[in-house]
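Here are two versions of the same chain, shown separately as structure tokens and labelled structure 1 and structure 2.
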Structure 1
Amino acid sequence: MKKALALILALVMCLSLSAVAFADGETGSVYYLNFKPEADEAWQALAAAYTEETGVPVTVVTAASNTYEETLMSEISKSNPPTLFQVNGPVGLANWKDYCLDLADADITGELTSQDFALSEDGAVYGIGYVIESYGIIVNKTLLEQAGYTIDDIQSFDDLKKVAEDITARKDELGFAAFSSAGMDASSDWRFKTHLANLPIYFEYQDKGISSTDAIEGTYLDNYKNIFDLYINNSTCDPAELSGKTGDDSRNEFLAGEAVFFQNGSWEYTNLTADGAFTDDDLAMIPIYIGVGDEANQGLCTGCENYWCVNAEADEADIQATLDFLYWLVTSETGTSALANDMGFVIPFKGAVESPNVFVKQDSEMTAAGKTPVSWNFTTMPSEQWKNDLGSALTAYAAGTGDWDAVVSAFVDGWATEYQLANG
């Protein structure tokens, strides 16, 4: 009896194994290694919806915050590697170029609203930008009104400085500060070493008419200093404490109404409006003015740093399944509405659904009104190391243990050294 049972069990096991093997061989499957932890739930739901509709299995795995490269490196050498992954612009592509399928003839490339969102090199398309984001200074309009101003009063760096310093002067009377803490902890310092640093780089590229460089001059570093000084001297806390302040600290201060301004991006929308903390009427995003160029026509910093890549080393069937999945994502109603409504993404594809995100709407309004968006040039920063070194120098400067010259040196000399190291 026992022997018979064991035999049956063994047979069942063999059958189910071979069934799996057959299923794999016929249809292929999709394995997406997701970069954005905040969108994980929405991706899981979307994957399930696709499987239900087409029968193609879709696995979505999300790398923990800040560990995407590590996760991708180990996942891609496994026997079931991700078929779909992402890189962060041209510098990130350097690592993964050998693994990226040329998407020049893929259906999804034809769906892009502009070929600017394709990450191409030497005529081949290695990545497809899938989300456009904007960042700037998020304003709590209610508090700003309590202080006696409206967002129309802020049209330049001088205006911003005047308003911020006035709020600081009346801080005790008003009960809130101008800026939420410019935290320099690793969870928050990218707002300054990467996003804020984009502005001096952008204006220098504009002057020279270039889109990347092997040596930055730092023409507008004085303006970078001015805006950073403004942030740290008109903040909720003493500049010496900034090195320990996290991204959550900064957001919580803004949520608690302790600060009027909060430099961050459109991706913060869900965090700020969750649980009814703020309504759309309370919030606005204004450009980061640093006192350079035509400030009256400056828009938000808008761009793309997340590009989908298809793993060229995956099985033929899996590659096809992935391409189909991508096409479905950006053309089907389920796909586009999930991307827009559940994840809050603005996607650069023809079939895009309008996003409810108030910051995104503002960006399109500004562009429609003739303002020029500031492009994302931080994707051309030579390495993570450059950003980290700039971050350390900024932290030390904020705390008073280092001086601004160290920041300039990390910015300018560091750029040249790191560019050499990365491309030498």
Structure 2
Amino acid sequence: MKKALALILALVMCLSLSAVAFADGETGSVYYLNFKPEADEAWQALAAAYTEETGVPVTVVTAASNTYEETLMSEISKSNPPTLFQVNGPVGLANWKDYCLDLADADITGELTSQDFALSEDGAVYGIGYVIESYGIIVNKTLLEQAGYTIDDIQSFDDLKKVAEDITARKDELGFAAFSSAGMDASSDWRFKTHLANLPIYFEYQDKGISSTDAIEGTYLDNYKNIFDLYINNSTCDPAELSGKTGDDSRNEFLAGEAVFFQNGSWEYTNLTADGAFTDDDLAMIPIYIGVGDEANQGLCTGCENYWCVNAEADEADIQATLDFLYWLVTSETGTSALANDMGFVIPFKGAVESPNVFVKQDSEMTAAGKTPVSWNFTTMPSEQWKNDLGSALTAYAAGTGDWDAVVSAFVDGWATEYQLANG
């Protein structure tokens, strides 16, 4: 009896000590500031699964669309800051390098399929690319066929223009528009001030054989204008209304069958197929053609801008807990399956599960057929302010309160100004 009592007392004491250690943070915990609103639900479920499996608390907070930098700036200064956050490439790293733990010897770094996905500088690894994504123009193939066309009819900007303008001419008869709204509010404007703006940057870089610049020339800004004009003049709404249109508006219009085309990326797959809204047979993604280069052999815009960084300023126990969580994410069946199936991610790690995402499969098919993916050069945009100024100029242009010269100025003059501010 005494032995049993002693055993119980010992167990109670052990639990009490564990509780104290937990309270002191010595057991470690994880706080992930998530960049992707569309993946929030999946991240919450994955965090709960890890806690159930290991007992380690994982908190996931998701920043609202287009507010990540501001949210990170606010959260990083708190008493319990994120232990895991992200930067969007070399420009983003410049703002946060002092907070980034060197991951050169971390277990997760050894799981990368290529060190090209490690964000490195001076021999240190400050970020780990965690998802390869593609974006382009998502197509409702059923509506396109109702309009009398197929994917094979769109192989260039001229083809896209012909189809879009024909749909607009017959909009009342068909009952749908060519493009969903090019919303220019904060939840949507990144599609145009960042992703669409990548195209003229990409082609200028290709011409010059460079991968970054301190002064963009804007060689292909007429082409940028042409594709943006096509979007806003063949849309579900009047261009003047775009400043108030959201990302949800654009997606919901597409889901409701109000538009054939929807510029977005592979990350939208889950949203579009949830609850049987669309099947894989209904959907395709085509390149964003702007009338430049070998369009017959152009692929989707494919790359990585999402790099995990571990907060070097966090408590030591939390740092270790975060490193363990990251390794589990990319090696465990639970983690890799969730990243592939629930989030639709293609991850650059040895234990990756093949994604069921039809847009990912189409990107692979295009690449296998010899089409050249358009690289993600928007990671070299000089600052968030540059993007915001460009977005404001685009919004004013669409509304008719500004002209295209202001867009060009924001693009070219703004680039030189912001580069100098960022780099001295």
Partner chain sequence: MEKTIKKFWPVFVIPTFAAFCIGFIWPFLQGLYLSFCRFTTINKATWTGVQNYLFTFTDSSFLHAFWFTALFTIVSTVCINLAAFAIALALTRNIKGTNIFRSVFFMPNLIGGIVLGYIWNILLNCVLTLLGKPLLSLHAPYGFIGLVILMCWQQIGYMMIIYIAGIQSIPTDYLEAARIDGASERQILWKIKIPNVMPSITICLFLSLTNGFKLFDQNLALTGGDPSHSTEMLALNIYNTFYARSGPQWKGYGQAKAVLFCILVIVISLVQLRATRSKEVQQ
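By rigid core we mean the largest C-alpha set that fits within 1.5 Å across both forms. Numbering runs along the sequence of structure 1, starting at 1. Only a predicted model underlies this, so the values are computations on that prediction, with no experimental measurement involved.
Working through the pair one at a time, identify the form predicted together with its partner chain and give its number. Note: form predicted together with its partner chain is structure 1; the other is not.
Using the rigid core as the reference frame, would you say Thr322 shifts its C-alpha by 2 Å or more between structure 1 and structure 2? Indeed, Thr322 is displaced by 2 Å or more.
Large Cα move at Thr62 between structure 1 and structure 2, threshold 2 Å, rigid core: Yes, the C-alpha moves 2 Å or more.
Taking the rigid core as the reference frame, is the Cα of Gly244 displaced by 2 Å or more between structure 1 and structure 2? For Gly244, whose C-alpha is compared between structure 1 and structure 2 after core superposition, the shift is less than 2 Å.
Quote the shift of the Cα of Ser332 between structure 1 and structure 2 to one decimal place in Å, the two forms being superposed on the rigid core. On core superposition, this C-alpha lies 4.1 Å from its counterpart.
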